[in-house]
Structure formats: C-alpha cells, structure tokens
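First come two forms of one protein chain, each written alone as structure tokens, so that there is a structure 1 and a structure 2.
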Structure 1
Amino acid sequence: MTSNKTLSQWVAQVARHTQADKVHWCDGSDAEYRDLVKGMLATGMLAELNRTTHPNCYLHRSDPQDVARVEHLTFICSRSRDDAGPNNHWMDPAAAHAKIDALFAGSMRGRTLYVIPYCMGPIDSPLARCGVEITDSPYVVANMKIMTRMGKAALQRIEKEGKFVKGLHSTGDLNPERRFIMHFPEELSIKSFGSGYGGNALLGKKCHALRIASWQARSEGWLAEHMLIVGIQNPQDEIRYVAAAFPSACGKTNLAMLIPPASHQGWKVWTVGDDICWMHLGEDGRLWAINPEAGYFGVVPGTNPKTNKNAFDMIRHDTIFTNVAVTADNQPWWEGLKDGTPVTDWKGEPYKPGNGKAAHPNSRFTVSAKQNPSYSPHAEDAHGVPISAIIFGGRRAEMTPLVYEARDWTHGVLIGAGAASETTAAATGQVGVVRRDPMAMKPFCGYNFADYWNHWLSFNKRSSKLPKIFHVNWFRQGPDGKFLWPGFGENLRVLRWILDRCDGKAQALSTPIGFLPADGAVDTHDLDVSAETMRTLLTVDREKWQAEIRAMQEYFQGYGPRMPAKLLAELQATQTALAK
C-alpha cells in the first residue's frame, strides 16, 4: 500500500491492536467519497437533506454528549511538564500511551480502519506539512476529504519526504468517561479516543495544524496560529493581506468572507483562510502566510444572507451539516434563519420551543473552500501571501475599545498575550465567562505559553519589516445589552483604518494602551452609529484598564521564571502610563 516502511508497519500494528475488520487506504477520490456517503446513508450515520433545495447535502447527528471540543480531556504529553506549561493539561508520555492504548485495544472490532494520508497546505508548498490519520469513523474520513488535501497526492509527498505526523483516532463507544485527546509533540503524534466531533476527531485541524505544528514551528522558526487570513482589495485594485486571531465561535468565518456594505463600492474581500494560519519569514523580511486547510468547519447558527452571504450561498450544496435542525420538507434549519420552521431538533426529536434551541449552538457545516464565492485566487500560492497587519481580538462586552494599535512589535505581543474573551459553545463548559485567551491560542498552543511569547518576541530581532499589530473588539454592549457596533460587513471600516495606519495615513491618538483612532478617523459615513457611541467605543476607561492590567499581571505570574521579562516590562510601562 505504501513504500514508506514506518507507515506500513504502524498501520499493521494498529490494525492488530485495535482488531480492525478491514483496512482501507483512502485515495481521496470523488468516487471514494460517494461510496462513503452511500455506506453512511445505509447505516443512518448520515441522512440526505432536501435534494432540490440542497443537492448533495447531508445531516449527521452526533451523540448528544459529543458536541464540542473537550479541553479538560485534552493533554500535551511532553517529557517535561514545564514544556507543556500551565496553559495545558499534561500527562507523562509513557503513562498517557499506556492509558489510551488500553482503550484502543480491540476498539475497531467489526469496523473498518481507514488510513487517511493528508497534506496541510497546498500540496506543492514548501510550507505545507503532511500527516496520516487512522480512524474508524467514515464521517471523519468524509470531513477530512473536505477539510484537507487528502489521498494519493498526499501519500506521494509523504513517500518522498519520509516524514509525517501520526494521528490515531477511534470513536470507541463515545463514552465521555473514556475520552482523551492526547498529543506527543516530541514524537509528532496524536492519539484521540472516544469522540467523533470536530477538533477532537478531525486530527488535521486543531491537533496537528495548531498543537503539534506550534511546537514544530517554534523549533523551526515559524508561527502556527489560530487566525483567519483575508485579502482586502481597495477601489484602486490593490490587495493587502491581514491575519486575525479570535477564539472559536467569535466570527472568524464571517470576517474571512466579509462582503463590503453598499457604502463601499469598489472594495472586495478575498478569503485565504478562516481558522488557521501558518506564517514564515520570507527572504524579503515580511511574514508570508498559508492556510493549511482546504475547507471550512464553520458554526452554522447565525449564518444568513445578512451576516455572511458567501457562507449562506456556499452551503446550499455539497455540504455536511452536523447537529442542525430540519424542516418539514427536510431542509436544514438553524437559529438566525428568516425562513422555514424547524420540526425536528438537532437530537432528532420533535422540535418544541420550550426544549431549547432547534440547532445545537455549536452545530457546524463542513464545506470545501472551493465553494466559497470569495475564495482568493492566491489561496493556493505555494509561498503564501504577505501579511501587512496582525489583528488580535476577543469577545468583550465592556472596556475593550473597538480598535487600537500596538506601539511596536513587543507591545503587540503583549496585547496578544494579555487578550481575554468570553467563552463560547465551541468547547464544553460554561458559556460567557471572561477568560485569558492569549492570541486566541489558549486551547491550541502545544507548549508553554511563556516559551511561545518568547518565540513571538524573537521575530523582532529577525526582521524590520514585520506586520503592525492591532486589537479589535466587535462585541461591546450598551447598558441595554445591545451591541454598540453593527459588525459584519461594517467591520471593513475598521480594517480600512488598520490598513491606512500601515501606510502611515490614518490619524491616531497616543494613549496608555496604544494608538486609538482620532475623532472621525474611522469612516462612519452612511452608518447609523452616533458620534457619542463612537466616543464610547474609542475611549480608554483608565480605572477599568488598571484593573485589567492587574488581572494580566496575576495571570502572567502563573508562568513563573519562564515568563519573558520584556513582556513584564512592557506591562509595567502600560501600568505607569495609566496611573499618570
């Protein structure tokens, strides 16, 4: 099946240990995808949706106890606990292997073992990296076919390079008591058991492209980040690229597919990626980015022609829906859709308004990037796209301004490291509590955050042409709980200020937390936002910020002596400026 001995021996050993019935090597063809779908329709793992309105669309209902990432069951198993850091759950590698191997024993009895060779990034890109996922879930195979460059070409690259990340996955019996997502960065391997959902099971995504890749990136001198990548084209047809980090379910997909409002004729936004960004320093000193993924695993609720017309249009065909509701005529339905009425909820039960949401808040679509009307023609460029600005963000109802700019790279790293956000339904646990989520990487950094910030800081010595760094917050609320900023397409106004700042054009005021737009510098023409609201969105509340700085200091203390002194000094400087 392959000329790579390590791979063939590993597959044989796993097949023996899991006692799989059959072994299927995925070739990634469309015919293979169709066969998988046929098989899943027969077993009920998928249901076909309305063929007329949604051709080639299918619904998968996951186990109701398996609907999101499980951070408390996710481990980094490095030899040294300190290398994983206080930001990760850690387990000793030998103990972790023993624990999870026991669960894998016999777990594929009666099942087919699928071998999925995949490539993260354009297949011909020197920045791309390959992996192989072994799984017993045909649903995972179908999703990996959409989300990655999977099959023959990836296997050929693996055989040529001889190197790949090993990912072993079994859904087991889906019992949350027997569920673990384990990463062995020193062995470039992943073992995931007991979940069939999203980032727990599609191992190319968060497990490989973020946790393992961030570890690799550190030793090889690049960055693996939880960021969207977009190209912004102005009326002069110049395109500039920005990368933006937001926690899961904070609108990355919407921003990545933004449609300029009517007031912005001649502008256009191109999607390069909506979730993950790998950045390398180019010979020209700029950061060049690729999207390692080939598809989107996006949050469905809230998707409609107003919030994200591109996504709305692209999921009308050839899409896998997971955990949405359905209408009487078998169309997918979710909260935020104007038309249609749900009759069956995400669990497959008759929908009753008193029983909670019809679609699960973390219900997802899986769709190929090629179906996105705004897919950038440069998204497949082997060397990536050059990044002009990096944006950090989060969901903060209070305090954090709409946008501000870092004084320099080091200050920008502090802004990213100090970022916090309200939790969302993308992970199990309480929703809506503010937690520190540095660079939106809290659940995804495969090593000690203190070392990670040091790695970020090190770029300053390597180049004088790094992107400018910004922070945004689309989620400020007034006393009535209503959002102060309209968001969605109107966010282009903020992106314009950011790009103008990169060109040294837009006006800004220097404040203790960084540069904020001067009065009127964010264009609000044709926008129903009062000058007073803009002032609220763009002022620094010193008292609240002083408390925020203290919270950051406390948080950073948790990283002990590994904490970069430069960041602490930068934080101290901010605190002093706020006290003046």
Structure 2
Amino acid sequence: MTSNKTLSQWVAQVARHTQADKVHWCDGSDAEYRDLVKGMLATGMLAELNRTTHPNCYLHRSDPQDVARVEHLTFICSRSRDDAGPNNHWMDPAAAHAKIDALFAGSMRGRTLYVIPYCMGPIDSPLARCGVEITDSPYVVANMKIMTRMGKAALQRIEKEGKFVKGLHSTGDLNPERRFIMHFPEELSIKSFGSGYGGNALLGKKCHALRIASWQARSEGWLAEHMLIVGIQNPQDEIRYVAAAFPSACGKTNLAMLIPPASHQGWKVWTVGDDICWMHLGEDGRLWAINPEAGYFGVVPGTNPKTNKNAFDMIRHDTIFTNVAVTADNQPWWEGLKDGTPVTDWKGEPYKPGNGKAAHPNSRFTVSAKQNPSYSPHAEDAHGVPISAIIFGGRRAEMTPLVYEARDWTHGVLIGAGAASETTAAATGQVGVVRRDPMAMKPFCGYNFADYWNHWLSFNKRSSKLPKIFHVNWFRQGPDGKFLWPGFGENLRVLRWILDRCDGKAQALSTPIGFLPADGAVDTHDLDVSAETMRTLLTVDREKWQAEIRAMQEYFQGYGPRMPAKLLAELQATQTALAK
C-alpha cells in the first residue's frame, strides 16, 4: 500500500506483534468516514443524535475510567533523564519499549489495524510535518479525519519526503493499570496503550504536535507552542495576527473565536487556530505561524450563544460529541445550555437532578475548523501568517494587571516562563492555589523546560523583527469578588492597545514589571467600567509582586545549572526595580 519501505515494514511488524485480524490503509475519503460511522453505529460505539436539530452528529460514550489525559502515566523517554527535565515524567527508552511492547502483544486480535497517514499543517506547506498513526480504534480514525489532513495526500508527501513521526496506539482493555503514553523524541515516535480518550489516543494532537514537535522544533530552529492564532481586522481592512497561550479555564477558546462587540462596527476577528501554533522565522525576519490542526477537539460545557456563539453554531452539524448528556428528543446537552432538559447522563444512565453533572466536565466536541463562522481565509496558507504579538495569560484575582508589555524579548521570555494561574473550585476543589504553567506548556513540552527557555532566547540572536510580548489577565477581582473587566468580546479593546503598541501608536507607562497602558490608552468608550476601576486593573502592587518574584526564583531553582542565566538576571533586574 506504500512505496516507503520503512513504513510498510513497520506496519507489517506491528500487525504480526499485535495479531491484528486485518489491516486497513486509510485514504481519508468521505466515503471511508461514512463507512466507519456506519460500523460504529452498528456496534454501539456511536449513537446518532437528532437528525433535524443536529444533522450528521454522533455521540460517543467513553469508559468512565477513561475520560481525560493521564499526565502521571505520560512519559518522555529520552536517553538522558536530564534532557526530559523535572517538568516531565521520564523512563529509560529500552525499559519503556519493553514495558509497552509487552502490552501490545496480541492486543489487536479480533480487531482491524488502521494505518492513518496524516499531515500536521497545510498539506503543501514547508512548515508542516507528517506522521502515521496505527490504531485499532475506528473512533480514533474518525476523529483523525476531522483533526488532521489525513489520507492519500499525506501518504504521498510521506513517500516524497521519506520521513514521518511514528505513532502506535491500541485501546487494549481500557484497564487504567495497563495504560501508558510514551514519547521517544530521539526516535520521533509515540506509543500509547490502554486509552481511547482523545488527548491520549489522537496521536497527532498533543503527542505529536506538541511533545514530539517541540523537540523537533528545537533541533530544526522553530517553535511548537500551545497557542491560539487569531487575525484581527480593523475597519480599514488591515489584518494583523497574534498568538496567545493560556492555561485551562482562562478563556483561550473564547478568545480564539471572539466576536467584536456592538461598539466595534467594522472590526472582525478571524480564527486561524484555537489550540496549537507552529512558528518559523521567515526570510523577512518575522515569525510566521501555521495551525497544524484541521479541526477542534474542544471542551463543550459552558458553550452557548452568549459565551461563544461561533463555537455553538459550528457544532450544530457534522460533529462528534463525546460524553455529553442527551435530552428526550435525542439532542446533545451539557451544563451551560439554557434550553433542553437532560434525561440521560454521559454514562448512558437515567439522569437524576442533584446526582452530579449530566455531561462530563471534560466532555468534548470534534468538528472541522472550516465549520467555524470566523474561520480565516488564510488558515491554509502554505507560508503561514505573520505574528505581530505573542500574548501570555493567566487567572489571577488580585496581583496581575489587565495587560502589560514586556520590555524586550528576553523579558518577554521571562514573563512566559513565570506564567501562572490560580485554580478554580471546578478544577481542583481548592480556590486560589497558584500553579506555574510556563507558556501554558507544562503538560506538553517534550524536553527540559530550561533548555526550552534557552531555545526561546536564541531567537533574539537570529532576528531583530520578533513580535512584541504581552501578558493579559481578564480575571482581576474587586473586594466583592466580582470581575472588574467584562471580558468576552470586550477583550478586543485590550487587543487593540496591544496592536497599537506594536505599531508604536499607543501610550504606555514604564513600571518595574513592564509597560502598562497610560490613562485612557485602553478605549473604554460606551463601556460600564469607571476610571477608578481601570486604575485598579492597571495597578502594580509592589509588595505582592516582590512575593511573586520570590516564588518564581524558588520555582526556577528546580531546574538547576541548566537554567538560563539570562532569565535569572532578568528576574533579578525586576526584583531590584520593585525594591526602589
């Protein structure tokens, strides 16, 4: 089925080892997708939803013990433990192969082995990278059809280039005691066993596009980041692009699909990507970005016409839902919807109010990016889009201003490296616990964070036209515990200041932590936010920031001698400025 001997020999070897009943090479066609869906409907792996309200939509219910990523069972298997770093779980490659290969032995007996050639990024882009996933799950194949450029065109590119990332997956028996996700960065390979959940099983996503790709990016001189990409078009039809990294529960998806408020007639926001961003230096010295994905695998609870109308509209048809509830007329339902009443919960059992969530908190939708009403016409550009600004964000109730700008690239890398967010009750049961999540990459960086930060710093030597770096915090609270900033579409006002700063237009004040908007620089016209509230949103509390710097110093100590001296010096400079 392929002229690539390495690929054909690997498939044959896996088929023998797993004792698969048959081998199917995926062509990525719509007819193949329909056949897969038909087969899963017959076995009960999928259930069809209301054809009138949600045409071509299906529901998949996971095993109740297999509903999320398993970070404690996710390993980076580099030859050196230090190369994996304290930010990753590590296992010796030989030991890892032996452990997981024993689980794969005979695991596909009675099943079909699917070969999925796929491309992460536009199929004709020199910035894209290819992979092949072998799996025994038709659910994974259907999702990979939506999430990647999968099939014949990807296989042709693999045969032309002669290289690809190897991904081997089996659901096994879904026993959590026999579940591992192992990454072998030096081999550009992934092995995942015992889970059917997307983050563990759709190997093109976090496994390839971040953990393996971040390793590739360092060796090849680019960046693989957990960032959205949006284009912001002003009334003069000028479009500028920003990339932004946010930990969970910080509004990443909402920003990726932001709808300008009524006060901003003539403005448009275009979605290039909602989750992952690959950035390369162009010949012009600017960073150019592609979204390696072709679809969205989003968390659905809380999605409604008010919070994210674009997302709500795009999942009304041709969508795979995972672990949502169902109404009496067979419509998907999740917490955050005003209409409808769930009668069956995410486990397929009768729903009883007061007996837990009807939809799982991590329930998902898988949908083609092209169904997004704000889908960018430049999302498939082979050379990518030029990035004007990089934004880091977090959820902080008191300390972090609404927005501030880094002094320069090195300071911006420090801002990203020190990024942190306060937990919510929904996340951990504890409120306000600060968790470090550098560049929002804590679960996804495929190597030592200290080396990763050094790689970021190296770009300053390669170009003088790098994007400006900023930090935002939509979640500053007043004494009453209410948010001071309205958020959602109004965040465009902050993005406007950011882009004006990139153009040298907007006014800013120099502070010990960076540049903050001057009074009136953020447009609050027709917004119910007082001048006093804006001063609070843009206040730098030196005492709290000194404590923050000490916490960052303690965190960085964990990376030992590999920690970049430039970042430590930048941190010391900030501390000195705060003490004046």
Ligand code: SAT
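Residue 1 is the first residue of structure 1, and the numbers go on in sequence order from there. Being a predicted model, the structure only gives us computed values, none of them experimental. If you superpose the two forms and keep the largest set of C-alpha atoms that fall within 1.5 Å, you have the rigid core.
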TODO: Only one of the two shown forms is the form predicted on its own, so please name it by number.
DONE: 2
Open item on the list: If the two forms are fitted on the core, does Ser248 show a Cα displacement reaching 2 angstroms between structure 1 and structure 2?
Closed with: yes
TODO: Determine whether the C-alpha of Phe475 shifts by 2 Å or more between structure 1 and structure 2 once the rigid core is superposed.
DONE: yes
Open item on the list: I want to check Ala531: does it shift between structure 1 and structure 2 by 2 Å or more at the Cα, with the core superposed?
Closed with: yes
TODO: Give me the C-alpha shift of Leu484 between structure 1 and structure 2, core superposed, in Å.
DONE: 2.7
